[in-house]
Every structure is written in structure tokens, then in C-alpha cells.
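Just the one chain here, the form predicted on its own, laid out as C-alpha cells.
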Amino acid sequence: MSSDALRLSGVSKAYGRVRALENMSFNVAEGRFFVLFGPSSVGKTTTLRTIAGLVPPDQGRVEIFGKDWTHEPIKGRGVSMVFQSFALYPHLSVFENFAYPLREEGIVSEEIKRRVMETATMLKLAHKVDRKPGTLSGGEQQRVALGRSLVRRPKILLLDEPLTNLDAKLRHDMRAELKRLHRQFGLTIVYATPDELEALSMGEEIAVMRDGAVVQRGTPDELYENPADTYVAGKIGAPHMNMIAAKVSKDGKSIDTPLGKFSGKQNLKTASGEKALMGIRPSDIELAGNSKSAIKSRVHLLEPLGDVTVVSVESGGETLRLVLPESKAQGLKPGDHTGITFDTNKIHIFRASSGQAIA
């Protein structure tokens, strides 16, 4: 059983009237790749800066490997942070950028040289150690920023949207590189990103953030299969989940929608007549031609994306999106009448008032 590398308990932080963190609590097991996911200004950066010791919380507790570091100095935490802006020393060579934190720690020069070259080789920068950051590409500068943190052998690596400034191809390559480094070193990584693809492809565990707190955490599969509310349902999965206005039927076991009456896998512990939302993922809807049991719909829009096509259909006054393999979407055109069907076990039911899942 792995122990916790990190634990935040009830951490709050305000800047004047702005509440950056509100009773923020989560723990990260040692060796995990843990992602803080959410749009900008939900408190991801403040969370990382609090863990690093750069921001003292107004209340709450920060524990690193079981020890309370809430109001302790930065030094000695065994934590290193890579910033979105890279924050390299432009007047120093790559070698000196790597060596700087080691010189600060008073490490002997032979050991510094060994560690710098080992890190540079691992990040495929050994042939560029004499260059200044300004002469390197964005991807190389990103690797220098990463190397400067790794050379210190941190126990916990904090990454604040580190791939935002890179183009799509480089982002893809760096995602693979970071996963490889994580496996190679068994590092505990806390990674902040607003990018859903990054969160789902890299995180072993994801904490979805909203308004300075975690609304749900789990593996990518858990968040996808069982979103706790409409906010999480809308953030995980692309294209986003279809939401259809509904209300709980008189029998209290099913819901009435413009598409018909449905009962999902949930046991509806709620009053009949309550307003609800029925969610169904685009990948869970299928075309059913003109079969009797199909829900009648009309094709509204086609968005070809290479091997798949996103098809928008109108049914019962609602617009639904579904994802089809390109071969199945061929021949469809706007205005066509077609039937759709979906597995009722795949529907999600939420309260209209709060957005919380009804389970």
C-alpha cells in the first residue's frame, strides 16, 4: 500500500475579495501522476504555489510525506515546480541553467557536472548544453525548464500548464516524454492543465476543479462513466454530453423527455415531477434507420473529422450530437430523416436545480 506523498486539508486562500482556494482538500499517493483539471482561474496555480511554499494559505494544512509543511520555508520540501513561462535565465547557458540550483545547494562541482550531463542526455539536450535559451526552439526551452527541476532530484514535481506555449505536434511529443520520465523515475507528479486531452491521456487520477475546490476526483474512466454533476459531465468527454430537459415521471422510477419516457440505471430517489436533465454521450447514440423502436430525427449538420464524423440531429425540439465512423456517416446529408437509438443503461440523470447526479 503506497503512502501519501502529499495531502492538502481544508486549504483556503484569498487575495483581497477574490477567493482563490475554498476549503481545498485532496491527497496524492506516492508515485502517482495526479492532474488538477479545470478552466483558467479555478485555483490550479495557487494550489501548486501553496504546495511549493511560494504562497502561505490563510487556513488549512499542507503535508508532504506525512510532515506538516504549511508554514515551513520552501527549502527542504523536496518539491520542484515548472512554470508555464519556463522562467529560464537567458544570459546563462543550458549547462549553467541546470547547474544553478545545484550550486545554490552547495553541491561539489564534479557531482554537478555528472548530474547536469545525465539530465541533459535523458532530455536529448546533451549536444546543446553550451547554447543560451534564446537560441533554442520552444520544445527545447520546455525541456530545459523541466531539466532544471529534475536535476534537483525532487520527490514531488509540480507542473503548471507546461505545454501551453507549444504547438500541437510538440505538445503530443512532450506528453509522451513526461509519461516516460514519470515511469523511469517513479516521481510523484502534480500536473495542472485546462486541456481535457492532456488530463485524460496523462493523469492516472484527475481532480476536476471549480471555484477553488475539487468537485470530483477519480480515474479518467470513473469520471467519464459516473460524473458527479453536469459540470464534470460537460468537462470530460468530447464532444460534450448531450443534455435534454426532462422531469421525473409520476411513478418516480423513470423520466419524461421530449424524446419519450426513459428509465436509466439510476434508482431515482426523488419526488415525481421534479425537473431533471437527461444526459447521453454522443458516442452512445446510434443510427437506427427506420426501425419501429427508433426515435425519429432529422439530420441538421455534419462535421467530418477524418475517421469519424460528428452528426447533429434534431428530435423533439432538441438538438443531439452523435459520433459515427466515417463509413456510417457517408451518404447522410442535412435534411435527411433517420431514426436514432441508445442504450438506456448509458443515460445519466441530473437534478435541474443543482446539476447533481440523481443516484
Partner chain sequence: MNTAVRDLPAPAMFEFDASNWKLAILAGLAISILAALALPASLSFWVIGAMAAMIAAVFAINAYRRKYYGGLLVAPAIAVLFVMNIFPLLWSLGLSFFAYQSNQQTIRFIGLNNYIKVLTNDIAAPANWDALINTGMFVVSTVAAQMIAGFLLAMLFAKQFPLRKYLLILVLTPMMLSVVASGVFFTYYYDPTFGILSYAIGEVTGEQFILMDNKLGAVTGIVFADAWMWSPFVMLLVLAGLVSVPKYLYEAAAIDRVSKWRQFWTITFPYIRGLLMLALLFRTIEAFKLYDLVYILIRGGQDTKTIAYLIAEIANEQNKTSEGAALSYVILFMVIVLTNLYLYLANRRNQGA
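The structure presented is a predicted model; accordingly, all values stated were derived computationally and were not measured. Residue numbers count along the first chain shown, from 1.
Here the subject shifts to the form predicted together with its partner chain, a form of this protein not shown in this document.
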TL;DR on 186 to 194, 94 to 102, 215 to 223, 202 to 210: the one with heavy atoms within 4.5 Å of its partner chain in the predicted bound form is 94 to 102
Proximity of A52 to its partner chain in the predicted bound form, heavy atoms at 4.5 Å: yes
Answer for R152 alone: is it within 4.5 Å of its partner chain in the predicted bound form, judged on heavy atom distances? yes
Just to confirm, R171 within 4.5 Å of its partner chain in the predicted bound form by heavy atoms? no
Determine whether any heavy atom of S85 comes within 4.5 Å of a heavy atom of its partner chain in the predicted bound form, and answer yes or no. yes
Can you pick out, from G260, G234, G138, G76, the residue that has a heavy atom within 4.5 Å of its partner chain in the predicted bound form? G76
Pick from S283, S254, T230, S80: which has a non-hydrogen atom within 4.5 Å of its partner chain in the predicted bound form? S80
Can you list, in sequence order, the residues from 31 to 48 that come within 4.5 Å of its partner chain in the predicted bound form, counting heavy atoms only? none
